[in-house]
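Below sits a lone chain in structure tokens, taken as the form predicted on its own.
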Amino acid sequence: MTLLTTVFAAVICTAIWYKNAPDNKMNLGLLCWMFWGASLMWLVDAIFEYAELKAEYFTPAPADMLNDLFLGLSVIALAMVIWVVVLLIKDPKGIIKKALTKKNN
């Protein structure tokens, strides 16, 4: 379930990035890389878990699926928080800079 959630997030983010490709002001490429990196991590985890469990890998308990879903959503949320922090630091549209200079005047 963690692999599915991160792959869906990566595909959706990549589609949005591709749609806005010439104008990369929002730094969506960073978010795409984080989602694809997480997807790769969960793919390797799934391969090793399948090697250990064999056919039982495809019949998880509902509680395990729910835990995996929460873990996948947590990874997505953490990646989005990191992306927002980077976005706020870089301030591509200059909104924060304008707000800070407006307060100082």
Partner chain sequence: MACFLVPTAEAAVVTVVTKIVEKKELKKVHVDGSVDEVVKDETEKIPFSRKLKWLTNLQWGGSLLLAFEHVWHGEVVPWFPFLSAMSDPADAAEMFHEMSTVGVTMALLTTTVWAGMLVVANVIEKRKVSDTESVTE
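Quantities reported herein were computed from a predicted structural model and do not represent experimental measurements. Positions refer to the first chain, counted from 1.
Unshown form predicted in complex with its partner chain; subsequent notes refer to it.
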- [ ] Find the only residue in Met26, Leu43, Met65, Leu53 having a heavy atom within 4.5 Å of its partner chain in the model of the complex.
- [x] Leu43
Open item on the list: Can you tell me if Trp33 lies within 4.5 angstroms of its partner chain in the model of the complex, counting non-hydrogen atoms only?
Closed with: yes
Task: Contact test in the model of the complex: Tyr57 vs its partner chain, heavy atoms, 4.5 Å - done: no
Open item on the list: Although the partner isn't part of this model, could you tell me whether Ile82 comes within 4.5 Å of its partner chain in the model of the complex, counting any heavy atom of the residue?
Closed with: yes
- [ ] Just give me the residues of 63 to 90, first to last, that have a heavy atom within 4.5 Å of its partner chain in the model of the complex.
- [x] Asn67, Phe70, Leu71, Ser74, Val75, Leu78, Ala79, Ile82
